[in-house]
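Below sits a lone chain in structure tokens, taken as the form predicted on its own.
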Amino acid sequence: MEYYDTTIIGAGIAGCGLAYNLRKFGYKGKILIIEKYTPGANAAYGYRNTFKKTIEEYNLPYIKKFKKLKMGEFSGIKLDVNLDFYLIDYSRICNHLIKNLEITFKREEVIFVKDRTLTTNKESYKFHYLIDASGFSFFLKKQLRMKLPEKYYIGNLKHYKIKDKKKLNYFEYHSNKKGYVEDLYLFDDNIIQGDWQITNDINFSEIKQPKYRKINEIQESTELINRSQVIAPVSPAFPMVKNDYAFLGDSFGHATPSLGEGIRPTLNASRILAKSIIRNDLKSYEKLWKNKNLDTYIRAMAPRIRLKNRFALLEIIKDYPKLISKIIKGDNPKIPTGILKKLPLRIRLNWAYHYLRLKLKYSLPQ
């Protein structure tokens, strides 16, 4: 029976990013990645945006750089956010991250875990640390009957070919007060369009698609290539560590609750986890992550408990483009008191209540 110091379930952004960072920081242990499919093939969203810092830090290939985001509410608020966004292909960057790494990759299906042995449909493997980066399948969490994330973006994703090529330097992101979101990317002769819903359950019938969507304006000149259903957990599900197991990426809920951007926060978490493994101190992973990131998640989640509050804030901050850019990038800026005072008192109190409730919830043992 083969032995590996660190065994990773899943070859998505989380699993490949962890392997990359382990080697980057000088880890000498044996690394095994087990994936049922190919690297990045089972990602929650085949294409997604990230930002310049992540692209440069990991030297990631990208498909297109957008210079602007057009966002807002379908029937009201319209904003142009001048910020560089990089559209990437998940499979491509996952393969990029593990290219030339000294690791073992096995294309197998994980069946169960017992003690420090992982059994697949082909072999069994001994390990020192086991990392669940299995995504929204939640393999290890389900086996251990652990708590799953409470909030999700669930979506119907469609990929079109467009007959008349259009060169646009922006993509679009629009939503409504019922939790529906549409995003639309046009590059070369391709259109990627998603109908998303913020939900508490993985139930695709919950997607409340409105009559009017941006895709309606160009759908007559398109040809549907494929479609898929996608899931992106957007709330943390503690604990992050249990015995010799750790959770990373969608299996934990690492995508931010704002734009559902999971690449940057997942890679950042993989850095923390890699350093904890190298120090042979797996328990420090959760503490370090909470110190650095938990408040960002709580600040993003609190306004989404009541979506009307979010749009009231958007109406006010639309005249502060730098603040909007920082929020979108996940920089967790503190909104100036002068801006907050423009919100109705009931909204401020509701937002503060949910912020404090979530703060208390996540500070208690999970």
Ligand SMILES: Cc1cc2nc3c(=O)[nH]c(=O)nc-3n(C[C@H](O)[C@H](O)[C@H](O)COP(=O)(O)OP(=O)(O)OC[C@H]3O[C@@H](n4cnc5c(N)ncnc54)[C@H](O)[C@@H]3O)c2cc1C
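Not measured: the values here are computed from a predicted model. Residues carry their position along the shown sequence, with the first being 1.
The following text describes the form predicted in complex with the ligand, which does not appear among the structures shown.
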Verify the contact flag for Ser284: yes if a non-hydrogen atom of it lies within 4.5 Å of a non-hydrogen atom of the ligand in the predicted complex, no if not.
-> no
Does at least one non-hydrogen atom of Glu261 fall within 4.5 angstroms of the ligand in the predicted complex?
-> yes
Please run the contact check for Glu109 against the ligand in the predicted complex: heavy atoms, 4.5 angstroms, yes or no?
-> yes
Is Ser221 close to the ligand in the predicted complex, meaning a heavy atom pair under 4.5 Å apart or at it?
-> no
Only one of 224-232, 276-284, 197-205, 75-83 gets a heavy atom within 4.5 Å of the ligand in the predicted complex; which is it?
-> 224-232
Is it the case that Ile9, Phe139 and Leu157 all touch the ligand in the predicted complex, with a non-hydrogen atom of each within 4.5 angstroms?
-> yes
Hey, which residues along 302-341 are within 4.5 angstroms of the ligand in the predicted complex, non-hydrogen atoms only?
-> none
